[in-house]
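Below, in structure tokens: the form predicted on its own, a single chain.
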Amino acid sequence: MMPGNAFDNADLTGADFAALASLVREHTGIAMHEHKRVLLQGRLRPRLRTLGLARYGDYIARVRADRAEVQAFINLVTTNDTAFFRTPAVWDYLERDFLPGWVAQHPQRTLRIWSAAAASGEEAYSLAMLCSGFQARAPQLTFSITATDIDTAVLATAATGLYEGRTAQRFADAHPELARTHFTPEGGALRARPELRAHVRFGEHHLLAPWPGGAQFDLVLLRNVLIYFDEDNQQRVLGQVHAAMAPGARLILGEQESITRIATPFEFEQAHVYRIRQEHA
């Protein structure tokens, strides 16, 4: 292994960055531009040190030759930024508009929700808490939540339902009743109770690939994901998501995302919310 101080002085060259950006796009669909060079270097440097590799070029060769390293690479280069009940306007819409309307129209059906790019699971568990609370007003509601991500490391964390540090503290401060009802304290951490975890199924899925279950979801949350793709891959992702949505379903996007400028099967309904265009229904 290289001495620590010698490796720490190694920088990511332009050629190596271009090769790594190409691998990122190949394996994740994410477009990584030049201004991300320092970020990429910082994420990969500890991995090179762990593997005892002297140069970024050596790591590029390792990813190309070793299928087992590809998943580690994916886990390192993807961004996972989430929180419980992130963007209050989204949750207000779901509670006041979407859920009442959906239950009225489908009193005998199970609501099927997809939390795409679920990261460490806060969004999926927020959905489970929201729907569980709504059942007090509409006991006929049944629901299931599928939460997926390309990063297997964060999915493993999500499946445990254990949250600590700032994430747990912010949630407990903002929603103390929900934290008491749906989570169990473990030291300074919070763990989702089994009855909450039972509503959520976590699994690995690449957003550029077809959803294997066909058109089934009534609600899809695809938030703060499209910003990492170029326009071609944005269209591909949205096409795959559309194919997984049931008639009348709704798509929720992130605060900084708009798809009105590109050709998609969706049309704007209100802030963050899109519906399937009539000709694509």
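The first residue of the sequence shown is number 1, and the count goes up from there. This is a predicted model, so every value here is computed, not measured.
Omitted from view is the form predicted in complex with a small molecule, to which the following refers.
Would all three of Ile150, His206 and Tyr228 be in contact with the small molecule in the predicted complex, where contact means some heavy atom lies within 4.5 Å? Checked in the predicted complex: all three residues contact the small molecule.
Tell me, which of Ala192, Val90, Ala119, Leu127 has a heavy atom within 4.5 angstroms of the small molecule in the predicted complex? Going through each option in turn, the one that passes is Ala119.
Consider the chain as shown here, without its partner, and state which of Thr167, Ser144, Ser132, Thr78 has a heavy atom within 4.5 Å of the small molecule in the predicted complex. Looking at Thr167, Ser144, Ser132, Thr78 one by one, just Thr78 meets the 4.5 Å heavy-atom criterion.
If you check in the predicted complex, is Arg86 within 4.5 Å of the small molecule, heavy atoms only? The answer is yes: Arg86 has a heavy atom within 4.5 Å of the small molecule.
Even though the small molecule is not shown here, does Leu40 get within 4.5 Å of it in the predicted complex, heavy atoms only? Contact check for Leu40: no, nothing within 4.5 Å of the small molecule in the predicted complex.
Does any part of Arg250 reach within 4.5 Å of the small molecule in the predicted complex? Heavy atoms only, please. Judged by the heavy-atom cut-off of 4.5 Å, Arg250 is well away from the small molecule in the predicted complex.
Does Ile30 reach the small molecule in the predicted complex if we count a contact as any heavy atom within 4.5 Å? Yes, Ile30 is a contact residue.
In the predicted complex, which of the stretches 42-50, 61-69, 217-225, 240-248 has residues with heavy atoms within 4.5 Å of the small molecule? Residues of 217-225 come within 4.5 Å of the partner.
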